[in-house]
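Below sits a lone chain in structure tokens, taken as the form predicted on its own.
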Amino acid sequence: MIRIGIIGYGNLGKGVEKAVNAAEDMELIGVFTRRNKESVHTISGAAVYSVNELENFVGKADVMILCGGSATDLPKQTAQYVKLFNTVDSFDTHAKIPEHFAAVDAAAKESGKIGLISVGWDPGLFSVARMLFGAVLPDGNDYTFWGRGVSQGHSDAIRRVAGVKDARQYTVPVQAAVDAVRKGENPVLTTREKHTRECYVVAEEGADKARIEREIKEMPNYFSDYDTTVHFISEEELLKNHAGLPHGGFVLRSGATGENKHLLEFSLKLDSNPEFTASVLTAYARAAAKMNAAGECGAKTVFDVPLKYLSDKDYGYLIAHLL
């Protein structure tokens, strides 16, 4: 059995709990939180511990799945916790992935552990699709569209703005851009031409809404490169109309082999972004355990993981039924 711990217990952590408990080859040893552990009640009744107790679990956990946010949590936590455990995270600030990889790689090589970073559906499964499509259709162009759906990382980034009580951020593809790609026009698109961002924000009483809107729209790596709309709404309206966490998107590669044109597409439509992301994290946690058991260490990405390591089926089954 692969022994799994969960660090952080928001929507993503709860999704990982469900995925781990559904896996026949995994055992959930506990949830670790920065909050008062007495205030955290898990869905399955799994034990809850303080993150200050993590050192007591060295040798008792095969992989820790980190379920914090990319804005402030994971840049510190992954490099810290990989010194003790194999880890998997969902760091999704694309522009900062190289520096995150470098920090985790140094710590993981020192400890002899695996630090699998940027695991999810983008970065993650979409990254694999982009690399695969580009390899088999080198004469072409990549296009990635997200949404319409709630981005957990961007919503979390808004909630970190002073004066924000709660928020949801929707990423919305620009339909004209999507249509041009599907027609094989191979357009050159800027970041702003591909997506817009819609923010629904509950401000704290007395907060400066003009400042909040300005800080959101000027936030680098999240909103500054997009046409962004900020709607201030009541907490009741947020709970009524924006309680769900749907998402999705698609990767396309438009290209040619000689005179013949081709369009490759990989798409997802998700009822629950965090639960699906949690399922991806859990599959890659299985791979992290297998890779470390084989003697590997250091930072890794989805590009480094053999597909067979993601499955709980033996290789003979995969060859007989899925090849």
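Predicted model only: the values in this text are computed from it and were never measured. Don't overthink the numbering: it's just position in the shown sequence, from 1.
Here the subject shifts to the form predicted together with another copy of the chain, a form of this protein not shown in this document.
With respect to another copy of the chain in the predicted bound form, the three residues Ile43, Ala46 and Ala243 uniformly fall beyond 4.5 angstroms at the level of their nearest heavy atom. Residues of just one listed stretch (199-207, 95-103, 82-90, 68-76) have heavy atoms within 4.5 Å of another copy of the chain in the predicted bound form: 95-103. Another copy of the chain is not shown here, but in the predicted bound form it comes within 4.5 Å of a heavy atom of Ser118.
Taking non-hydrogen atoms only, Met131 approaches another copy of the chain to within 4.5 angstroms in the predicted bound form. Of the heavy atoms in Pro220, none are within 4.5 Å of another copy of the chain in the predicted bound form.
Using a 4.5 Å cutoff between non-hydrogen atoms, Leu28 does not count as a contact of another copy of the chain in the predicted bound form. In the predicted bound form, the residues of 239-270 lying within 4.5 Å of another copy of the chain by at least one heavy atom are, in order, Thr257, Gly258, Glu259, Asn260, Lys261, His262, Leu263, Leu264, Glu265, Phe266, Ser267, Leu268, Lys269, Leu270.
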